[in-house]
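In structure tokens, one chain follows: the form predicted alone.
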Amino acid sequence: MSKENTITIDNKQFEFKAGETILEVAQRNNIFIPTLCHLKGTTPTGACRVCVVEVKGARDLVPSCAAPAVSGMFVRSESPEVIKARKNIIQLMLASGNHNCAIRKFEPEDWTSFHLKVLKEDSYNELCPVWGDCKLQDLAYRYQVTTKSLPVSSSNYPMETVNPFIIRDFSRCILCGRCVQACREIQVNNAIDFGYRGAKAKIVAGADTALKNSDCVFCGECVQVCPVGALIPKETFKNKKRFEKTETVRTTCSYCGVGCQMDLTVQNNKIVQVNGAKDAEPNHGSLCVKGRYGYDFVASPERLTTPLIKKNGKLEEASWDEALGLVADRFTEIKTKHGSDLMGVLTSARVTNEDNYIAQKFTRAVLKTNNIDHCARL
């Protein structure tokens, strides 16, 4: 192995490419280094400091997400000093705000008081809505962190619930900046940024207004990258049951012909959340507001589930064979009596390319007409 582009992590040598960070080399070689602020594809900030490692010769611990790999570098990812620093960082984050997960320990009377306060502020009758799906909680369990010795800190800002799709819970925000990076560097919307300083710091939209009054387009990219319960889809907050089984279903978004891949979280045969599929083209995890939040129609009670045929002036339920047979007979009758060009087909930009392809083949090959178009409002 050439020593020109090699780095030693935990007494093992690894090759690296120019420009790679310590974290990237470690992740590529299945070495665990925790992260909270790091977001792939964006400029590293080193804001959370939970990814610190020990580098031989360095005076202080180094944030691995922002430190470039250097030839001959010796790194320790789990030294006693590193573990101590990570535990302190996680402890401070867990203590700052309404992180009412089970790992946060109090005396019994203090826990009851704290939990009741959080429930009142959340308007939510259970533990944190992302309990079991929170990176901060995962790290707290991994490093056995509690906050028993730290005082409770209150949030400076109330929960924002006026937005149509997203709940902003400032009491659980750890100011990691992932949402800002996602908005500015991935979606390039520039709707949110850091505001104020010190203990008053928060993520602000526009001139510190509600998301619905800002430049936000509600793509939900910020929600998907949030590692804690600071950003929550409003529908998931209301509908997802904590301890009931869920399954993930990979599918293609049908709102347009781009073909974005997304993962549906399904519970009791009902969609409760949609996330972009990070490992799939063409969207690489990103979705628009329609793809991410426009799924309530799937379980709408107003949807037709059985074909209807008008008989004696009234719509009556029919079998699929009966309905399709009637449509085929009417098409044949119109084509025979009046010619194919009297008919036309309207399709939609909201269906997949494959569906539109089949529609035009049916129009031209079966109906024998070129009268096919789409209506954007379908």
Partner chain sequence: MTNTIADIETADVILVTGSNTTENHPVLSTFIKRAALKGKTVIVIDPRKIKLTEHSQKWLRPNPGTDIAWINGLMNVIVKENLHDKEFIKNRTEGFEALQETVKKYTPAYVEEITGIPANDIVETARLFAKAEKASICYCMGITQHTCGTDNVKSLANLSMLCGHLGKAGGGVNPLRGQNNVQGACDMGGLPNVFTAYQKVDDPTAVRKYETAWNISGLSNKPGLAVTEMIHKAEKGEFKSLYIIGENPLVSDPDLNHAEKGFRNLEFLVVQDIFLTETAKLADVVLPSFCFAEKDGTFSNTERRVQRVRKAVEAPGFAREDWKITCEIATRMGTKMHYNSSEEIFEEIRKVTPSYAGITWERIENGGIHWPCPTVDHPGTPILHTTQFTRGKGLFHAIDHQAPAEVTDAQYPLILTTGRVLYHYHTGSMTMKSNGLNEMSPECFVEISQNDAAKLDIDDGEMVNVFSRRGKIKAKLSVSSKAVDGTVFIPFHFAKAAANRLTNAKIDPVAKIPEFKVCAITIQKAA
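Residue numbers count along the first chain shown, from 1. The shown structure was predicted, so the numbers you read here are calculated from the model rather than taken from an experiment.
Missing here is the form predicted together with the partner chain; even so, the following discussion is about that form.
Val188 is the sole member of Val188, Ile83, Leu116, Ala199 with a non-hydrogen atom lying within 4.5 angstroms of the partner chain in the model of the complex. For the residues Arg76, Lys270, Lys278, Lys135, the 4.5 Å heavy atom test against the partner chain in the model of the complex is passed only by Lys270. Against the partner chain in the model of the complex, the set Glu4, Gly72 and Arg142 makes no contact: no member has a heavy atom within 4.5 Å. Heavy atoms of Gly325 reach within 4.5 Å of the partner chain in the model of the complex, making it an interface residue. With a 4.5 Å cutoff on heavy atoms, Pro282 counts as touching the partner chain in the model of the complex. Residue contact with the partner chain in the model of the complex: Gln261 places a heavy atom within 4.5 Å of it. The closest heavy atom approach of Thr8 to the partner chain in the model of the complex falls outside 4.5 Å. Looking at 294-302, 201-209, 92-100, 172-180, the stretch with residues near the partner chain in the model of the complex, meaning non-hydrogen atoms within 4.5 angstroms, turns out to be 294-302. Contact annotation for 319-357: residues with any non-hydrogen atom within 4.5 angstroms of the partner chain in the model of the complex are Trp320, Asp321, Ala323, Leu324, Gly325, Leu326, Val327, Ala328, Arg330, Phe331, Thr332, Ile334, Lys337, His338, Asp341, Leu342, Met343, Gly344, Val345, Leu346, Thr347, Ser348, Ala349, Arg350, Val351, Thr352, Asn353, Glu354, Asp355, Asn356, Tyr357, listed in sequence order.
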